[in-house]
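Only one chain comes next, encoded as structure tokens, the form predicted alone.
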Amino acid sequence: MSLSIHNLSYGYKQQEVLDRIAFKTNTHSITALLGPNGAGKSTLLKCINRILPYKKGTVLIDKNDVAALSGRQRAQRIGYVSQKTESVHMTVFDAVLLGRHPYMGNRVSKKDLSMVQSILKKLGMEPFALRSTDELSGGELQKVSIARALVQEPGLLLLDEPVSSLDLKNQIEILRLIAAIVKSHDVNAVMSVHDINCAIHYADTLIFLKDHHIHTVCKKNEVTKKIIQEVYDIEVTIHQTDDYPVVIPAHY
């Protein structure tokens, strides 16, 4: 599922947050949004799925205007994982099952139940299936959010700092799973990331935001010291490994 954004602008009252954002992404790709705090990464994700109703610009999914889709139609196309997830008193299984709501009729189908079971297994969450979400750690709760988005069968997956509260092992597991789903299904993922090296390793395209604009769009092997220094105002060195560049602060 392709995503095309044209001249998207958004602001809170008199404060401009995004100004004339434009880029395209395609199926089977992961796009990472990077930039300093306040650059507009989370706001951009919320504009794409109309959580924040932008007034200027256009967001197209497979040439369909997102603004013209109903809430159910958007939910059938877009899976969204927010940066923070609030726990409620329900089982993990039921919390993930909520992701099937856009497809449900009057009752839960065998397919709905099977998909939840499959995703829980892939995420290693089967032992937690009957636990209440208000008993989970922050990392476990984030996994529930990701599982709920995946059972929506989205063509576009939006993730706002999806691994920020996870330990290193779980970060790698989640990012590998996201990459596998993107590559093996008709899925296009856009995620905001703070860790530049994590983005370089897992994303196909990097979009750097600064001062409400897109500063640079590049591939992982096109990242330069100049880009990092201009976006983050910090000196870095870049070491080239066999497959990826690695960014290291100069005075770490």
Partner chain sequence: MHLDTTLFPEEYTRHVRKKAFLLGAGVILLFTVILVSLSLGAAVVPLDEIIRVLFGDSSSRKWHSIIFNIRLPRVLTAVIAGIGLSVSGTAIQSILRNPLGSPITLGISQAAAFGAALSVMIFGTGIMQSTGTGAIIITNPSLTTIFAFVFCMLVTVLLVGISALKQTQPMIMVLAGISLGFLFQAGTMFLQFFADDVQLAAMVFWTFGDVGRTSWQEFFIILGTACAAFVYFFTQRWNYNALDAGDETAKSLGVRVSLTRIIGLSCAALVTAVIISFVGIIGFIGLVCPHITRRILGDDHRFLLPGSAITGAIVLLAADTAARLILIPHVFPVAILTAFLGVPVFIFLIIRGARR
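Bear in mind the structure is a predicted one, so any value in this text is a computation, not a measurement. Numbering follows the first chain given and starts at 1.
The next section is about a form of this same protein that is not shown, the form predicted in complex with its partner chain.
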{"item": "Contact residue in the predicted bound form, from 166, 175, 119, 136 (heavy atom within 4.5 Å of its partner chain)", "value": "119"}
{"item": "Contact test in the predicted bound form: residue 148 vs its partner chain, heavy atoms, 4.5 Å", "value": "yes"}
{"item": "Contact flag, residue 216 vs its partner chain in the predicted bound form, heavy atom cut 4.5 Å", "value": "no"}
{"item": "4.5 angstroms heavy atom contact with its partner chain in the predicted bound form for residue 144", "value": "no"}
{"item": "Exercise: residue 140 in contact with its partner chain in the predicted bound form, heavy atom 4.5 Å", "value": "no"}
{"item": "Heavy atom contacts to its partner chain in the predicted bound form at 4.5 Å, residues of 18 to 34 in sequence order", "value": "none"}
